[in-house]
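Just the one chain here, laid out as structure tokens, in the form predicted alone.
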């Protein structure tokens, strides 16, 4: 695990459910602004049993139980958990598996977007992600605030080419803003985390990085007990 503070008590554990350490490292870097000496430690972990990338319904379902196992294993030395995949795999089960608060990045990011704008757009990785996202947005009861969900046509690991990824994300984000009337954009994959600041600068509207949003919520839960 990558960790911020020395204390383990009350720490927030951010679990990347895929097995790509590079994604975990990028998440940890994106969370640096939320690390400060008097705050809870923020530890980032990689699920070794996960696939290199989570891009299908089958992969989402396959990691749910390992996510729950991880939460159970680390419950005693953690204050809260964040599941860092935009499909929130195993979120409900993990909440039932332990007494610690568990936050999903998608749920947290989408709810944060509601507080930052009138209509939110989602930048997704692949066309095949859209139906899964829409089902979840409907389940959360917020579909009337959805401006649109558009894909990049890039897989999770392809996002590591930041030049290509940022160019595609800027194009898609501009379409959400200009053609779909989105006034806030949600990044629909944990692999996009490193690009929030430059994307927001290019689009000129709020851009929500959902893992940052989830950790912010987790920090409040830990602080308030």
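Numbering follows the first chain given and starts at 1. This is a predicted model, so every value here is computed, not measured.
Another form, the form predicted together with another copy of the chain, is not on view; read the next lines as being about it.
Contact check for residue 48: every heavy atom lies farther than 4.5 Å from another copy of the chain in the predicted bound form. At a distance threshold of 4.5 angstroms between non-hydrogen atoms, residue 170 is out of contact with another copy of the chain in the predicted bound form. For residue 43, no non-hydrogen atom is located within 4.5 Å of another copy of the chain in the predicted bound form, even though that partner is not displayed. Residue 141 belongs to the set of residues with a heavy atom inside 4.5 Å of another copy of the chain in the predicted bound form. The three residues 33, 37 and 101 all sit with a heavy atom within 4.5 Å of another copy of the chain in the predicted bound form.
Along 86-117, these residues reach a heavy atom to within 4.5 Å of another copy of the chain in the predicted bound form: 92, 93, 95, 96, 97, 101, 102, 103, 107, 111, 112, 114, 115, 116.
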